[in-house]
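Just the one chain here, the form predicted on its own, laid out as structure tokens.
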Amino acid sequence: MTIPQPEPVLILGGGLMGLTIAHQLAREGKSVQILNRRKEEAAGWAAAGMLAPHAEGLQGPLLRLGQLSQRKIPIWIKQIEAESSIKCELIKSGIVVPFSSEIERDKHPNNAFAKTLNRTELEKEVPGISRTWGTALLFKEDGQIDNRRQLMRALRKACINRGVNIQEGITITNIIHENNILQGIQTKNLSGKIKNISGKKAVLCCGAWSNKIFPRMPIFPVKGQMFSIQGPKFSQKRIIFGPKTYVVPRQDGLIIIGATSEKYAGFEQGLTPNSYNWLLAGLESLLPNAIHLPQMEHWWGYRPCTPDEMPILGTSSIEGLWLATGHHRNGILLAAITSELISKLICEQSLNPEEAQLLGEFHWNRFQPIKR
């Protein structure tokens, strides 16, 4: 007698959110299938890996969500490292936000979470920083993870080790539903063959492409270009979050320089000289001597952005379809809490009051017109 296999939860998108949610669901004992077009497209491969709810100036519910996720990240990463045997280089490196004046410094919305630095202290924390900056805020609790070289590989391997079925080269063409109840997903493979995959549960986490699949989502791409340079090992300890450019030093001396924010570029591919020169000028304004270091790599990616620059999380207008997209600049930071909340919804587990309130803040219906 053949025992019927449980119908898998379909994960639409195999980027950071898709992998993280798939991994969490697999840990809960669910059968999971990821449908992904091309793994290199994911914003998780392009990001700098900053964990910066305070330094970035997040406020209101987004700050609360970021802080909650930040507290969960160490355990989340330990699980991924244990199941993948890949170290993700999670470091509470601290982030320095420099200012030219105390007046500007004191306007930062999260200065209550920071240590104030004078010029002498700033030079000790960031050797070689430009004389332009006379003071700074040091957010000791903020940090980084090596997403591009470590985390994304580790997540993928952890998913495979948990039995997650990952299918690449699959384009989602339609969400099939009857009477607003999910029936399945229509897909197209690389040869153009159309196939319907039945399913009663699915999570839309296609990042900047989410709107192409579910047009009701007010999500658009914000292109970001970046490059890296190679410095001496441990040459910089702190991340520098400047007004235009950030500098993220890895432990092996690699330094990430980012990132442009091109709201009107759409899905335009490629690197541009103007963006590179803008990043180079930003680096020079922070660490003048660093512009002479050898350059290693240039790349670009697409942040999934909503009109209020906050993610869309929770249920959708279709029963059985959940949403986890629109994380904009904070995908790495919010991955841990996003996967936990979405997993609880799918597994019908109880939410605590804080989680329920936050999901209400990030529900997609906040963009719908109020019916009178």
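Since the structure is predicted, the reported quantities are computational estimates derived from the model, not experimental observations. Start at 1 and count along the sequence shown; that's the residue number.
One more form of this protein exists, namely the form predicted together with a small molecule; it is left out here, but the text below deals with it.
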property: Residue 346, heavy atom within 4.5 angstroms of the small molecule in the predicted complex; result: no
property: Non-hydrogen atom contact residue 139 with the small molecule in the predicted complex at 4.5 angstroms; result: no
property: Partner proximity in the predicted complex: residue 306 to the small molecule, non-hydrogen atom cutoff 4.5 Å; result: no
property: Non-hydrogen atom contact residue 213 with the small molecule in the predicted complex at 4.5 angstroms; result: yes
property: Heavy atom within 4.5 Å of the small molecule in the predicted complex - residue from 302, 227, 76, 133; result: 302
property: Answer option from 65, 47, 32, 313, heavy atom within 4.5 Å of the small molecule in the predicted complex; result: 47
property: Residue stretch of 99-107, 195-203, 168-176, 283-291 approaching the small molecule in the predicted complex, non-hydrogen atom distance within 4.5 Å; result: 168-176
